[in-house]
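Take a look at this one chain, the form predicted alone, written out in structure tokens.
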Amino acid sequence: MHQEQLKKNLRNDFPSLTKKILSNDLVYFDTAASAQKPSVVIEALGDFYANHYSNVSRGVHTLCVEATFKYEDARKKVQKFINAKSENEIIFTKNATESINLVAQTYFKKFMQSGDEIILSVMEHHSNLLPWFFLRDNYGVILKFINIDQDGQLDLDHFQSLITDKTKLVAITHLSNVFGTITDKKIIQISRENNLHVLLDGCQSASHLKVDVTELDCDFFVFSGHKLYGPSGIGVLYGKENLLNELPPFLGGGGMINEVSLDGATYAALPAKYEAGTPPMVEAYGLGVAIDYINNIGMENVELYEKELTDYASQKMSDLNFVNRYSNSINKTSIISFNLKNIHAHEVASFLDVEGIAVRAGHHCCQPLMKILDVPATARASFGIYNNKHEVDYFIDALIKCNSFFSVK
């Protein structure tokens, strides 16, 4: 699909976007929280349940073989989508949060001890804070946090100053869910120079940027299907095969074993080693269908189009003197966090909802960052492939109406 075709608006592929909000057409600017689903994904899920459903890798009958093929084929699609070297490097979880917890618990057991250090940033999502807090609180791991500049870019000099001979791992966002800023790849280069492992939280980046984990050279990369136009209940953990082989199992149960006796067990090879119990097979299949849909558009086209849309919205908002935007970085995409002066973010979001515009308001699971910004919350507009400039113009007009309404009030 060419760039011009993408600009023709893909709303018709997304049945939920025909919904009316108080007689207004729905303008969905909350893709950073969760993306809407194209018909092809919705229909594929129904077809799986109706015609191919069975537990996977548990039998030789036709339905089991069909379901297993669809499940493993989805793994191949994910592998190619992020350019992992092997299917064994793709672990299916129920969400990115579980993926991060898996790494946190197993990495500590294999490579760390009390007093060792992990470096995060001050703008991490809670899902990339709490798993490491558990290690700090339970095992005495020391956490350090990289500062940011006013545009939400990581301070590389500060990062380098945090590294000691006790530092083992760097776990950071690949694309900020508050600022929309893209993490500088120099973070990974510096980490490599200091023999540090790197985990990237790709929950936002996977649906907006062309991700190549081999080129990035990160050790772990996590994302969730529901932000990538796929179903909820499916997450992905990419890990370099040699590292995943070294780490111990995370959960115990059926499917992740080689042999069990009353005296103990031996464990299956990758990827089954980390997929205990009945896996999210239908959800994984749905993610594979979503990836096919995105590949048909072309991730390069998605990236260019959403950057253009973000820049257009940013410019329009900069003309409004009653709007405070957070981050003017040129190295950002798909997300704009903002506040209207003297109006709480929740009031702004409620007013916009009456106009049919869905935005997020709150701390965006980034409470430490909100404290740094010295605000209780922000409103956030986040874009997907189904949005267009006409919707941005309508959004700008709604912001003007909102400001006038509360000014009079």
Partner chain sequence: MSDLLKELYQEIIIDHGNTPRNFGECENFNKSADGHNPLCGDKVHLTLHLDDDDIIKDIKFTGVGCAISIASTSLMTQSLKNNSLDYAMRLFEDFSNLVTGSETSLKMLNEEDSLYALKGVSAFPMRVKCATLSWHAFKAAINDN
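Bear in mind the structure is a predicted one, so any value in this text is a computation, not a measurement. Residue numbers count along the first chain shown, from 1.
Unshown form predicted together with the partner chain; subsequent notes refer to it.
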*asked:* Heavy atoms within 4.5 Å of the partner chain in the predicted complex: which stretch in 150 to 158, 314 to 322, 253 to 261, 82 to 90 meets that?
replied: 253 to 261
*4.5 Å heavy atom contact, K341 to the partner chain in the predicted complex*: no
*asked:* Contact with the partner chain in the predicted complex for L373, defined as at least one heavy atom pair within 4.5 Å: yes or no?
replied: no
*Tell me, yes or no, whether V40 is in contact with the partner chain in the predicted complex, where a contact means a heavy atom of each within 4.5 Å.*
no
*Counting only heavy atoms, which residues in 282 to 300 are within 4.5 Å of the partner chain in the predicted complex?*
none
